[in-house]
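We begin with a single chain expressed as structure tokens, specifically the form predicted on its own.
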């Protein structure tokens, strides 16, 4: 009888652990490696709200997921600058009520009022990223300051690039002296030829974890987001991080609420939680992108000013994206 009672208690406790009752839920879709699991777990504990968390690797993948899902499938997503504008144009986002976000005051005003959503009617800044060149100085001694320095035959099959058509084609445009948002066909043709020439040196396209290729020494060069580069350097101090002289991309990722969100109030709670200075700091301590917080910033004012002055935001190019799609299909 005693054994039976112990067995019953064990089953009861096990069921209690695996079938926790929450007061609500939120369906989140975000970039890979952007919010530490600890942050999500702590939010669930504090608010008793279940976070159903999915990821994507590019803005185009995000757009495809939202476009192919039933209204109400997702509540909170984190599109980049140009994708925010595109989603606004397609009526895919709800307006944001900042009165429900007390920690709105923690946002650095330098990241507000961007051209893609000038009044921040539909979006608020989350994290910013920049593209950089990474170099393993243990094996590469050449001077590399420009995208054009990546063409040497010595680097065959030795480069990892982001799996992101706007960033990679934009890189090629900048290397040719053009805007990374160029839409003229002759300039896009030059960018395509540039990338086809570079292709023999490219081992992989990877947006999820390009740093891994450097850490494992599968490649010695990369063009990746700044946080990935910083983490790689933490693993191998021989890695040098360079802002290319041709220019570089700035990507500003944003809190946005999906049109028809079923858990909008919980989305506001989650946004407000992530904007808390202590939480915001924990995020960029683990994933060192540029913190958009006023009280938890992780780059100096001078460095931030230089980045914002010298970098370029990716812009919505409307129907001209078809030309980028065709180039990307040839490159990959």
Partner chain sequence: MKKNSGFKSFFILPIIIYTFVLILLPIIYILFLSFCTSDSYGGILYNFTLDNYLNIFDMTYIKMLLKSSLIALVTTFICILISYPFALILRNKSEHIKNLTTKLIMVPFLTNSLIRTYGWIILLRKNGIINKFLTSLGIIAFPLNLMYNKLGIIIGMTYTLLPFMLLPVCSAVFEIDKSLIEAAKDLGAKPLQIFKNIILPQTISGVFNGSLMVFIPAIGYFFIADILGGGKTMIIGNLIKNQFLTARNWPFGSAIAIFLIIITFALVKVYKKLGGKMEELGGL
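Positions refer to the first chain, counted from 1. For clarity, every value in this text was computed on a predicted model and none was experimentally measured.
The same protein also exists as the form predicted in complex with its partner chain; that form is not shown, yet it is the one meant from here on.
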key: Non-hydrogen atom within 4.5 angstroms of its partner chain in the predicted complex for each of 181, 260 and 310   = no
request  = Please determine, with the chain shown alone, which of 63-71, 301-309, 271-279, 288-296 has non-hydrogen atoms within 4.5 Å of its partner chain in the predicted complex.
outcome  = 63-71
message = Between 213, 78, 111, 116, only one gets a heavy atom within 4.5 angstroms of its partner chain in the predicted complex; which residue is that?
response = 213
request  = Select from the listed residues 97, 186, 89, 237 the one whose heavy atoms reach within 4.5 Å of its partner chain in the predicted complex.
outcome  = 89
Distance check, residue 202 to its partner chain in the predicted complex, heavy atom within 4.5 Å = yes
ask   = Could you tell me if residue 137 has a non-hydrogen atom within 4.5 Å of its partner chain in the predicted complex?
value = no
inquiry  = Considering non-hydrogen atoms and a 4.5 Å limit, does its partner chain approach residue 218 in the predicted complex?
reply    = yes
message = With the partner left out here, check for me: in the predicted complex, does some heavy atom of residue 30 sit within 4.5 Å of its partner chain?
response = no
ask   = Listed by sequence position, which residues of 33-59 have a non-hydrogen atom within 4.5 angstroms of its partner chain in the predicted complex?
value = 58
